[in-house]
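The data below hold one chain only, encoded as structure tokens and taken in the form predicted alone.
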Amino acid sequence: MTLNLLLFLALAVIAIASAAGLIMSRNTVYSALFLIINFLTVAVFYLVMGAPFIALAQITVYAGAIMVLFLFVIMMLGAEKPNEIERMKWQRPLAIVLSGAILLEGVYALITRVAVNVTTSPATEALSDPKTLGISLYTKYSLPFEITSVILLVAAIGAVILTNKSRKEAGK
């Protein structure tokens, strides 16, 4: 087993687990947080494939801007109104164990100064250069790009309209 295969398998497990958590979570805020984890995992996949620009765009656009919009809409709609604080006794010990593991890994890496070189296949010309990617996006893929922007705009307008209707009904 090579290092690339191990990295891919670890990322695949994280991506599948976060997608399952996204679907099975009853709390919409937790679902949005699982979606952020999934977006970040996909960005690491792009880094491993040798496309750092797309990985950065994935983090900036999806894990940043789109998730802020999702969380804003969730909070604006008021879907989550906690009546009582959920007490999960397993969270604190798990957090302590995982924090300790990350701390030990960091200390080990600093002490041994191990530099792992992950070999990746070079990205294609269209994915590696931002200029070529932009030209491809705005010529060949301009229609899907515009359709996506219209869908996001309609979703935001729909959330505002739904919120205003529920506020008017509550005021009556």
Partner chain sequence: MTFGLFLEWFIKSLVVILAMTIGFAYVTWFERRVLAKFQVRIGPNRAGKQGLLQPVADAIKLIFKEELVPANADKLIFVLAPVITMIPALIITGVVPWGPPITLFGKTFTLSVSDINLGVLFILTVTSISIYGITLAGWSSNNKYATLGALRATAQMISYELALALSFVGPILIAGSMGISDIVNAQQHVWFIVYQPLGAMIYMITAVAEINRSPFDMPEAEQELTAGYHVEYSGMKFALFFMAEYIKMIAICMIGASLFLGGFWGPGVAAYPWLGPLYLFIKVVLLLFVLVWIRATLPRFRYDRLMAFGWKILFPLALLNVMVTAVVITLVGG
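By rigid core we mean the largest C-alpha set that fits within 1.5 Å across both forms. Keep in mind the model is a prediction, meaning the values are calculated, not measured. Numbering follows the first chain given and starts at 1.
There is also a form predicted in complex with its partner chain; it is not shown, and the following applies to it.
Against its partner chain in the model of the complex, the set Leu7, Ala20 and Met49 makes no contact: no member has a heavy atom within 4.5 Å. For Leu33, a non-hydrogen atom is located within 4.5 Å of its partner chain in the model of the complex, even though that partner is not displayed. When contacts are judged by a 4.5 Å heavy atom cut-off, Val29 counts as touching its partner chain in the model of the complex. The closest heavy atom approach of Met67 to its partner chain in the model of the complex falls within 4.5 Å. Although the partner is absent here, Ile96 sits far enough away that none of its heavy atoms falls within 4.5 Å of its partner chain in the model of the complex.
A displacement of less than 2 angstroms separates the C-alpha positions of Leu9 between the shown form and the other one, with the rigid core held in common. The two forms, fitted on the rigid core, differ between the shown form and the other one by less than 2 Å at the CA of Ala20.
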